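Encoded as structure tokens, the following chain is the form predicted on its own, with no partner shown.
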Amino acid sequence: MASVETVFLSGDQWLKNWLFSWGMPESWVFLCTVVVYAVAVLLFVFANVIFLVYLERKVAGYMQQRLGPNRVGPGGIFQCVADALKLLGKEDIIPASADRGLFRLASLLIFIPATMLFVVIPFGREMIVADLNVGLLYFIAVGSTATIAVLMGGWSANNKYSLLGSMRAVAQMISYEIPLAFSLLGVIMLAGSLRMSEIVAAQKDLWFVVLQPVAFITYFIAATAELNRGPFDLPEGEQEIIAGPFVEYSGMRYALFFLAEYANLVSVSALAVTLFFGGWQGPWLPSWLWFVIKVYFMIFLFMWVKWTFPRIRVDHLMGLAWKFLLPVSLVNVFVTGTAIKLFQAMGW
């Protein structure tokens, strides 16, 4: 089991030794390993995204008492391959009145923050690309830039429905970023750090979901809205605003927006595991395997909620963020700070 635990670390050390054997300076070795880390993260993201498209269909089918994909390959496992080939074969249509440069750029920019988030996620023991001392702040800051690509996609299409959809999406994402950020303050206060590895280490004896249940519930609701997933998928409410910011997109450009949604789903689930469920920590199994198991448990929760509750009205959506989640998260910060001071005064 020890060899399985360190298989990725051993590969990293072998790569460095091999590069040094060619007489490369340390700076070049560092640059090469960063590129390899980036490729590994991209492969991890794409592999998860492809599988999650299939998994979501199967979960949705189970929730609705139907089979889901079952024709292409065993159990419908190759349905995603068929869909990818179909999208690649579709014509890339750009509206005549659109801003062609921004229209093309938006579908690419949406994926950049989704992949950059994994830089500070600890995938296992000593398995992190960059263990920044402001890792959690980096995650929130980079994640918030996705609103630019969404607004760019809606505005550049020069379509009133796209623009309305993008404005609604940006308003929703910005509104829910605030309670989401405040829900994490309790975890930061308990861990005493913004470094992801130290937050995981602080949960050695007790997961923070036990000490911060209100923060976790607030984070879960806010993250669901931030991802534009049901029951908060108002930006693409087909009965009123068609496909929201993406209504003029076709083919692979259209697919990139939804692939980014699944990449963000993985990153948000990974952050929840890191902050509330002890990260990679667990008995017997390798640390990276524990991390994957916990992440997929969180992903299943997100899917469960999406296919259980109906879509809510937009005024209820915004009211939930500003009138309920934000005050609750602020009260949680106050209670957490008070409790910490009380326990310190009692000598605990």
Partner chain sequence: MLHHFAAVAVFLLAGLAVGIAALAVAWVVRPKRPTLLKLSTYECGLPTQGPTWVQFKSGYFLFALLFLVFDVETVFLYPWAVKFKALGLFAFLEMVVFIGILLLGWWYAWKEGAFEWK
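Remember, it's a predicted structure, so these values are computed and weren't measured experimentally. Positions refer to the first chain, counted from 1.
A second form of this protein, the form predicted together with its partner chain, is not displayed here; the remarks below concern that form.
K.L.:
Would its partner chain be touched by all three of 227, 280 and 303 in the model of the complex, meaning a heavy atom each within 4.5 Å?
P.N.:
Not a single residue of the candidate spot has a heavy atom within 4.5 Å of its partner chain in the model of the complex.
K.L.:
When its partner chain is placed as it is in the model of the complex, which of 189-197, 264-272, 72-80, 214-222 ends up with heavy atoms within 4.5 Å of it?
P.N.:
After filtering at 4.5 Å, what remains is 189-197.
K.L.:
My question is simply whether residue 94 lines the interface with its partner chain in the model of the complex - judged by any non-hydrogen atom within 4.5 Å.
P.N.:
Yes, residue 94 is a contact residue.
K.L.:
Using heavy atoms and a 4.5 Å limit, would one call residue 146 a contact residue for its partner chain in the model of the complex?
P.N.:
Result no; residue 146 lies far from its partner chain in the model of the complex.
K.L.:
Is there a heavy atom of residue 168 lying 4.5 Å or less from a heavy atom of its partner chain in the model of the complex?
P.N.:
Looking in the model of the complex, residue contacts with its partner chain include residue 168, since a heavy atom lies within 4.5 Å.
K.L.:
I'd like to know if residue 330 sits close to its partner chain in the model of the complex, meaning any non-hydrogen atom pair within 4.5 angstroms.
P.N.:
Heavy-atom contact with its partner chain at 4.5 Å: present for residue 330.
K.L.:
Under a 4.5 angstroms heavy atom criterion, identify the one residue in 63, 50, 293, 38 near its partner chain in the model of the complex.
P.N.:
Among 63, 50, 293, 38, a heavy atom within 4.5 Å of its partner chain in the model of the complex occurs only for 38.
K.L.:
Sequence order please: the residues of 166-183 with a heavy atom within 4.5 Å of its partner chain in the model of the complex.
P.N.:
Sequence-ordered list: 167, 168, 171, 174, 175, 177, 178, 181, 182.
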